[in-house]
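Here we start with a single chain on its own, the form predicted on its own, put down as structure tokens.
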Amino acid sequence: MLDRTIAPPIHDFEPFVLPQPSSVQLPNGIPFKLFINPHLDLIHFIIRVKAGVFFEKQKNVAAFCYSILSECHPSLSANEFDGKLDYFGATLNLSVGFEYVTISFIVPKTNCKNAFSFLSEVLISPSFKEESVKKQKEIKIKNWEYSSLKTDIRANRLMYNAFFGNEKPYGKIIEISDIQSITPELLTEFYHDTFSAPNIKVYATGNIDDELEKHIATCISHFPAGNRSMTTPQIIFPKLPPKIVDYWENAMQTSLVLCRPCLSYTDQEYFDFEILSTFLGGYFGSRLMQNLREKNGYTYSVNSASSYFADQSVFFIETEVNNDNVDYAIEACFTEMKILREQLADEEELNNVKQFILGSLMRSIDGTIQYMKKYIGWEDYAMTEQSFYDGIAAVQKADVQLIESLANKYLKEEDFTTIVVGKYPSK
């Protein structure tokens, strides 16, 4: 019988080469990249549009515009559109980030031609109907009312507001009036400004034969050609105060975010910093988890991560604690940073972190679907699959001296702003 008390052996990586997708440049300029997998008859498409919140002139326009597309078929109602997707066995997901909109479409190969043609109809000529906009407003207002009761969401919004400010739509904290002011005309204008060839890339994976590839390429060729590429605005973060407090008298617990500006995705120290971030709070055995959860019971979970933009990032630690333990939790976070600055880590602990990161890297390319998503991330920052090899090399060569050096560079208490939302008096 297998003894589950004994961990399986850890094997070193053997060299391998990532496959290159085939690429087609369509007449309207849109790149179409295919990750062929003859064993996958469920075809996955990702349409990447540079149309995120960075490019909106009014708060909530980008998210509203693209999230409502499933209700904007030029001749069908929302129910009829959903019924047609069900008939094809297709799934459509729409998400909006700071820079990019992601349109994910999954459909069986047997229905792929008709289904993608059907999707193209709404992408080429969406109709933002007054009735659909009104209904979405009601839904978004309800969601706003719910999220406004959550301290963690408020803390996250305050973080971005602190860095980007009220002057920019992507920094302004959304109010009900921002939702109510959305009109079909605003959505139509934003969509036509952004959904054009210079801002679009299309990716697909699955059992795509020549005939299907040609059909999909023809559909994409009918996407608007346009003549304007969206330019990501330059980001200059202001100097923030040491602490931002939002007091909630009736809060059952308090949310904490410790944050600071940090390096870009393309910085030469990116991979090294990711090791430090994981060490501090990026996995279940991290320093912060051991202190705040295992040792002191201040929280159920704590996490450190980075939010990356075009040429900068925000590094943050986030957690929720009992109202009585706020100061203790903040102090514990800075204590762990101080220890990393002043004491060399244990070799075994570093090895555990390295194995965790290497495993995560391998999972990120496990299968053509995951690999395609990873590849898209590289292209977002004008990078290639060489980034993957660089990541493995950086992790393998990392040592405890590197962790100490990075901690002294990036984990100084005076560089952080602490955001507190909950029953905590301003000090």
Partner chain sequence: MSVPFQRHVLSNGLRLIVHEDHTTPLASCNVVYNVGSRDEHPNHTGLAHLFEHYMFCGSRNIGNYDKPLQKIGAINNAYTSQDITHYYIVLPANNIETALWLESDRMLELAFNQKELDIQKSVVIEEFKETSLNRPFGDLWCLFNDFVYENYPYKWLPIGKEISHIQNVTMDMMKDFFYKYYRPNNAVLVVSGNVYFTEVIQLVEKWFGSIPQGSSPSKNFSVDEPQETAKVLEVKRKVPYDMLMKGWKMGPRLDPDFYAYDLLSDLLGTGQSSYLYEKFVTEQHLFTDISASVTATNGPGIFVLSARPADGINLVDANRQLNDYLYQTPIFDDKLDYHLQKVKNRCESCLLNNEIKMENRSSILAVSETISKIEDFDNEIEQYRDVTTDDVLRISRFLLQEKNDNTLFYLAEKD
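The shown structure was predicted, so the numbers you read here are calculated from the model rather than taken from an experiment. Numbering follows the first chain given and starts at 1.
Beyond what is shown, the protein has a form predicted in complex with the partner chain; the following relates to that form.
In the model of the complex, the partner chain sits beyond 4.5 Å of every heavy atom of residue 274. In the model of the complex, at least one heavy atom of residue 370 sits within 4.5 Å of a heavy atom of the partner chain.
Interface membership of residue 328, defined by any non-hydrogen atom within 4.5 Å of the partner chain in the model of the complex, is ruled out. Within this chain, residue 363 lines the site of the partner chain in the model of the complex, having a heavy atom no more than 4.5 Å away. Between the partner chain and the residues 342, 185, 294, 210, the one pair within 4.5 Å by heavy atoms in the model of the complex involves 294. Of the residues 75, 250, 231, 268, just one reaches the partner chain in the model of the complex with a heavy atom at 4.5 Å or closer; this is 250. If you check the partner chain in the model of the complex, you find no heavy atom from any of 129, 218 and 416 within 4.5 Å. Only one listed stretch (36-44, 379-387, 392-400, 58-66) carries heavy atoms within 4.5 Å of the partner chain in the model of the complex, and that stretch is 36-44. Looking at 85-102, the residues that come within 4.5 Å of the partner chain in the model of the complex, counting any heavy atom, are 86, 87, 89.
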